[in-house]
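Below, in structure tokens: the form predicted alone, a single chain.
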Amino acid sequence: MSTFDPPITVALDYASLDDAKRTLDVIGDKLRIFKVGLQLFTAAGPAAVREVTSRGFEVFLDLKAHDIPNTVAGAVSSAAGVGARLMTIHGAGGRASIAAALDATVDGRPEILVVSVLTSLDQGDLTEFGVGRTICDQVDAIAEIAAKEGAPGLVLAASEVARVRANHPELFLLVPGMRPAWASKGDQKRTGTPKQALQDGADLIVLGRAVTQADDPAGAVDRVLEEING
């Protein structure tokens, strides 16, 4: 699985490619990989991925594909064609979808990350959906399936990193819902600080509004790096 230094990706969650370009102009020299998610991909399509790769950066394509295996496989194949380095699929899609996604990769690209439980959900949400497990048990179950199917990575909340890292040292762990000590939680329920997530064994963390909505995005990235290394 790939490694990134620094182990940070910033989410280009914008309604237009021009807005994403402005952020790349400001902080592009600080990071090696950027996230293209549903909002920007819906607005600009593959052009968003190509804009990032044309600047020499890697792309984390965070579409959280959740569909029948054939459709998920098609999405993964298309992602390989546009040059995505990492891509998410939902673990809730089942074992067959994970297997189909892996079979659809081209020379190991994109590297598949299986989403366990969204960081915007808490135990009450799972109960409302009819999930009888605790969040911890649900994350562990999806991690086990992902590992058995040969998926290289898992997406999980900061609070689950230490436990899953101990049980699955082979998995690449990506952690969204990051909130630096000085940032607000927003709509995230299961958050954590970048420093703690990395100390617990995360391989890559996702920064969003704490950077992209800051008055000084470059300064915000620097503050996070100082927090991690301090």
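Please read these numbers as outputs of a predicted model, since none were measured by experiment. Numbering starts at 1 and runs along the sequence shown.
Keep in mind that the form predicted in complex with cytidine-5'-monophosphate (C5P) is not shown, yet the notes after this line are about it.
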**Prompt:** Between the options 79, 155, 146, 72, which residue brings a heavy atom to within 4.5 Å of cytidine-5'-monophosphate (C5P) in the predicted complex?
**Reply:** 155
**Asked** So, in the predicted complex, is residue 118 in contact with cytidine-5'-monophosphate (C5P) at a 4.5 angstroms heavy atom limit?
**Response** yes
**Prompt:** Does any heavy atom of residue 206 come within 4.5 Å of a heavy atom of cytidine-5'-monophosphate (C5P) in the predicted complex?
**Reply:** yes
**Request:** Mark residue 11 yes when one of its heavy atoms lies within 4.5 Å of a heavy atom of cytidine-5'-monophosphate (C5P) in the predicted complex, and no otherwise.
**Result:** yes
**Message:** Please tell me whether any heavy atom belonging to residue 176 falls inside 4.5 Å of a heavy atom of cytidine-5'-monophosphate (C5P), as the geometry stands in the predicted complex.
**Reply:** yes
**Request:** Name the stretch, out of 195-203, 26-34, 161-169, 59-67, where some heavy atom lies within 4.5 Å of cytidine-5'-monophosphate (C5P) in the predicted complex.
**Result:** 59-67
